[in-house]
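Just the one chain here, the form predicted alone, laid out as structure tokens.
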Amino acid sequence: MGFRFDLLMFMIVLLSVPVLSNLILSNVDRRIDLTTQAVRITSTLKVENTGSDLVSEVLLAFPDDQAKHLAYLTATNNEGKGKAKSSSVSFPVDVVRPKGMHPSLTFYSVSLPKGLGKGASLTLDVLAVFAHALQPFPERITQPDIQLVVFNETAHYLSPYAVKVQSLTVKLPDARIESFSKIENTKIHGSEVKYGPYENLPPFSYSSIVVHFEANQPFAIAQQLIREIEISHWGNVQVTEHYNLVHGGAQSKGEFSRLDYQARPHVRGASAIRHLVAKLPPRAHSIYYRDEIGNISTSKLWGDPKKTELVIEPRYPMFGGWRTAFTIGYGLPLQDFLFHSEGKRYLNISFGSPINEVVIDTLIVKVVLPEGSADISVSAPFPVKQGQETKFSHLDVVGRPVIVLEKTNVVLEHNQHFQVYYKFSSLSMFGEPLMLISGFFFLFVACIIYMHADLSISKSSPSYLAKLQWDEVQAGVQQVRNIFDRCLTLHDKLEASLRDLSRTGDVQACKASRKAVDGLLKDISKDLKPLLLSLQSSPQAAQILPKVEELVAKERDLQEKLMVKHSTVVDSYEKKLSGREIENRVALQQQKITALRQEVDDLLDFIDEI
């Protein structure tokens, strides 16, 4: 009901649009190709000037609902059957807003370079390619269901000019048609539906038709494709293409059975995307195909001197609404794509994707030029959005200029060559190698200087002398520390002799041990005197000397207390006193010895920390 209402309103709009009467279309032959997801409408228009004024343009009209899906539009001069197709002249086509026309119509102007005089005629071939013009119906299907789509069009050619004779042919993928509009002069022949001929149609004549048919071809849509083309003057052009792909057909519902798919893939997955074919340039090399997980091995590559084909299979068959992302990359010989003209270099390479069956919603082409490129310009066969950015790579100083070209609704017809012109000095090619050589050279020179240079501090400097003095102090303190370790060892030996006395009662052996220890302590005292004199004479020892002197005093006091204790115990044994009486006699002395031993240990720890 909503579609009928929109159609009624559109017909009312057409009746209110003014008529352009200078031109008439004596014959219109339209052919609509629905065999792929991109709808291609080829119209052959024989234009006649019935007015008296020279006409320099021909207007093409499209409803806004149709114009928003228009991806590609071109008009060429039809030279006749005897002329080569390649010799046809393409005319400029621009969007215009004629006065008095309703805003629900979009007009394109085909400029005629010579103009069309009174009574003259001209035959135009107009090719219009539409993306997303086929709508799945039903919108959701299960795995074994076939995919049906709907296409809306007018059986009468929508034009601001009167049409004498016109016909329409709709070519479908196969003869299985669900339904189609049956109006006057409608015929069906195999996979083609023919409307017309219709005669003497007024301007803006419109007769809606709907074709509902089976279309199991995959609807591969790249929501975004980023192509990065990097030029290296050392002989290579590296191309990297990042795809975000979605199946734009009828949405898949229900469960997916891989067993059923493997058993009957053409029945249980007729509309699924099983593989894609990328047609690469003939001498492409170093080709890879991977995704976020890693390399995808389900691909086949073959080529000959004329072409290279890469057949890529996703990790899983893609049904309606399913998505995937992957990257393909390859290298190309520089001499096949980079040329010289008028003092400039220019890259001549194709714009679109090498996968012909993909419709691209947004295509971003990045051309990375060598560092130092200047005076950059772009020549494209169709309008594109241009920008520039900078990319930094290894050994770059100011970065590499990157030309960014962006276009929406990209189809197979956009896969044409474009050119990027720039100036580049051949001497700049040696910048990075020289930078690398210089870097290694200076590194080796620095290593040689480091190995042969004397980086030690001067022996006459105050800091060096102070360091020597401090080293001497540290050596002296270490010797003092070793002497006190020997003293403490002798103290322990003296205590051990008392324990042996309590066990054996041998007084003479105990006296001999004390005499030996006393002699050794006197020798150690002689060794200590020159070390103390050395520390006292050194300014660097001012911080540690008080502690060393205190340590010497405490150790001597400890020696005296130990000797007194030893004499008391030996004398008590000679007098045959009991063990408890001996302990009572030396209890006070033992307390003082323990306290002194703790103080000596604390001083030694402090000296060690310094």
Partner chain sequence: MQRVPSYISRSVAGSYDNEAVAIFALIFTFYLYIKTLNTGSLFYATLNAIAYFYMVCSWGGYTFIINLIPMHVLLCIVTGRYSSRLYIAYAPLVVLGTLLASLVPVVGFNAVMTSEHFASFLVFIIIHVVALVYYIKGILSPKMFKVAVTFVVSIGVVVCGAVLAVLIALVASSPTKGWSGRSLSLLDPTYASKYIPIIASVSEHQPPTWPSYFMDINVLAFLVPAGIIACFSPLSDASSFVILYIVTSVYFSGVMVRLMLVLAPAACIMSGIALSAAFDVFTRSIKFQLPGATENSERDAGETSSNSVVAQNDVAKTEKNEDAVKERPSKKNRKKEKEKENVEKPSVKSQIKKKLLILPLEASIIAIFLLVLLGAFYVVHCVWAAAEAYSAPSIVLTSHSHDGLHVFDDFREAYAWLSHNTEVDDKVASWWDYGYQTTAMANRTVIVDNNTWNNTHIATVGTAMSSPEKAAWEIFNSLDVKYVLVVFGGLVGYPSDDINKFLWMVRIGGGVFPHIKEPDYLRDGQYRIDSQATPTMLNCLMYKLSYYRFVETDGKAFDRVRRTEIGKKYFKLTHFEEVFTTHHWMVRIYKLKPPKNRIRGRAKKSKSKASSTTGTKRIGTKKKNPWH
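Numbering follows the first chain given and starts at 1. For clarity, a rigid core is taken as the largest C-alpha set superposing within 1.5 Å between two forms. On a predicted model such as this, the values are computed, not experimentally measured, just so you know.
As for the form predicted together with the partner chain, it is not shown, yet the points below apply to it.
For the candidate set H233, H102, K391, R486, a heavy atom within 4.5 Å of the partner chain in the predicted complex is found for exactly one residue, namely R486. Think of it this way: in the predicted complex, the partner chain has a heavy atom of just one of H266, K529, R503, K385 within 4.5 Å, and the residue is R503.
Contact with the partner chain in the predicted complex, judged as any non-hydrogen atom within 4.5 angstroms, is confined among 363-371, 124-132, 184-192, 308-316 to 308-316.
In the predicted complex, Y346 stays away from the partner chain, with no heavy atom inside 4.5 Å.
Among heavy atoms of R258, some come within 4.5 Å of the partner chain in the predicted complex. At a distance threshold of 4.5 angstroms between non-hydrogen atoms, D375 is out of contact with the partner chain in the predicted complex. Using a 4.5 Å cutoff between non-hydrogen atoms, I226 does not count as a contact of the partner chain in the predicted complex.
Within 4.5 Å of the partner chain in the predicted complex, a heavy atom is found for none of F337, D471 and P539. Of the residues in 585-608, those that come within 4.5 Å of the partner chain in the predicted complex through at least one heavy atom are, in sequence order, D601, D605, D608. With the core held fixed, the Cα of L494 is displaced between this form and the one not shown by 2 Å or more. Core-superposed comparison between this form and the one not shown: the CA of F484 exceeds or equals a 2 Å shift.
In the core-superposed comparison between this form and the one not shown, H266 has its Cα shifted by less than 2 Å.
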